[in-house]
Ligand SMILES: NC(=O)c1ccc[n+]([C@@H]2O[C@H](COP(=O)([O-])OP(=O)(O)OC[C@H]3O[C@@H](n4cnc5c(N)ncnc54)[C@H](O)[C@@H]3O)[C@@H](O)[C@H]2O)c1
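The data below hold one chain only, encoded as structure tokens and taken in the form predicted on its own.
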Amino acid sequence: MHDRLRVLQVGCGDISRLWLDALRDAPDAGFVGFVDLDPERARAAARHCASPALVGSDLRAMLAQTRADIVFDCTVPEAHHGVATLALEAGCHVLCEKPLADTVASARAMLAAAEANGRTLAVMQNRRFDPNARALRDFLAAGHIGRVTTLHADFFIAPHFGGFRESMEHVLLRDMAIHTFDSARFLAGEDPLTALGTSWNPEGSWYAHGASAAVTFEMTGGVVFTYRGSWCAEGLPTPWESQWRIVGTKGSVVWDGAESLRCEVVRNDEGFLREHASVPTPALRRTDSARWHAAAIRAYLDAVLVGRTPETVATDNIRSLAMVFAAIESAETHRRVAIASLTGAA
């Protein structure tokens, strides 16, 4: 590996700007190429970075020409398998935009390619790097509410995207819910076992399918996680990070997904309704989500540089992806779905 990590950006659409900006001032990594099916978008990315890096539309050729160490994959989910596999076989590490893949089968094939080539494949789950989420995770891990037993998340926003999302099947579950699902795993420190859910398109929806959903997940450690969400709920929106109520054996935490975190625990063991006491919580401060993106990329680069497993490694993140597809399968079959049946776990 070179003294400075050589990064090849694949996919130069709108989402890639966060990736480009995150690497702008990195002392130990820099772009050596930009790849897009539309060469003008690749050239625009190079101009945005004021970079003399190579520009092209043929990934295989660009991998050979740039001798990249890392590929940033910002293509559409349907292309992740092909892009990542080609890059891994060329000896590159890969960090790809969420979701890891468009199917669990493709994700499993990508994991196999990473293992076979001894490379690190990871996913951009930027909400894990929200300082507020990390503060809450640490607060829960310290045992302030005892052992966590239940997590509830509400996500209600009404974005009018236009474009491909408005015709996508199970749009909420497929395109957005993985952020909240992965956050539940992150906060609880537990993994999903089963999913039981439903997806529907309410009257007035401007989406073609599945703009609303409700799912219950059984998790390891006896934990239960419930998700309620809609992408066509006008009025009183939640943050994009969802609103959370987390219940433990000694009390509860409520996080509004932004700056408000409250905790109460039981004070005594007498009475029909027990008395509760407020517990001091960490001070939260809203930060720009672009900083979470940059932090996630920085953490990945650091892991590659020292040979450490990154926090969002694909071998772990496939469990979050499986939650999405288990929820979809449950909604379609009206049955509880075992997560292990999708990931191939024992």
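A quick note: this is a predicted structure, and the numbers were derived from the prediction, not measured. In this text, residue numbers run from 1 along the sequence as written.
From this point on, the text means the form predicted in complex with this ligand, which you will not see here.
If you check in the model of the complex, is Ser106 within 4.5 Å of this ligand, heavy atoms only? Close contact is absent here: in the model of the complex, Ser106 is far from this ligand, nothing within 4.5 Å, heavy atoms only.
For Ala184, is any heavy atom within 4.5 Å of this ligand in the model of the complex, or not? Ala184: no contact with this ligand in the model of the complex.
Determine whether any heavy atom of Thr75 comes within 4.5 Å of a heavy atom of this ligand in the model of the complex, and answer yes or no. Thr75: yes, in contact with this ligand in the model of the complex.
Classify Leu37 as contacting or not contacting this ligand in the model of the complex by the rule of any non-hydrogen atom within 4.5 angstroms, answering yes or no. Taking the distances in the model of the complex, the answer for Leu37 is yes, it comes within 4.5 Å of this ligand.
Candidate stretches 75 to 83, 268 to 276, 200 to 208, 252 to 260, one within 4.5 Å of this ligand in the model of the complex by heavy atom: In short, 75 to 83.
Selected contact from Arg228, Arg128, Arg165, Arg137, since only one has a non-hydrogen atom within 4.5 angstroms of this ligand in the model of the complex: The residue in contact is Arg165.
Of the options Glu97, Asp154, Asp102, Glu218, which one has a non-hydrogen atom that comes within 4.5 Å of this ligand in the model of the complex? Among Glu97, Asp154, Asp102, Glu218, a heavy atom within 4.5 Å of this ligand in the model of the complex occurs only for Glu97.
Of 278 to 312, which residues get within 4.5 Å of this ligand in the model of the complex if you count heavy atoms? Residue within 4.5 Å: His293 only.
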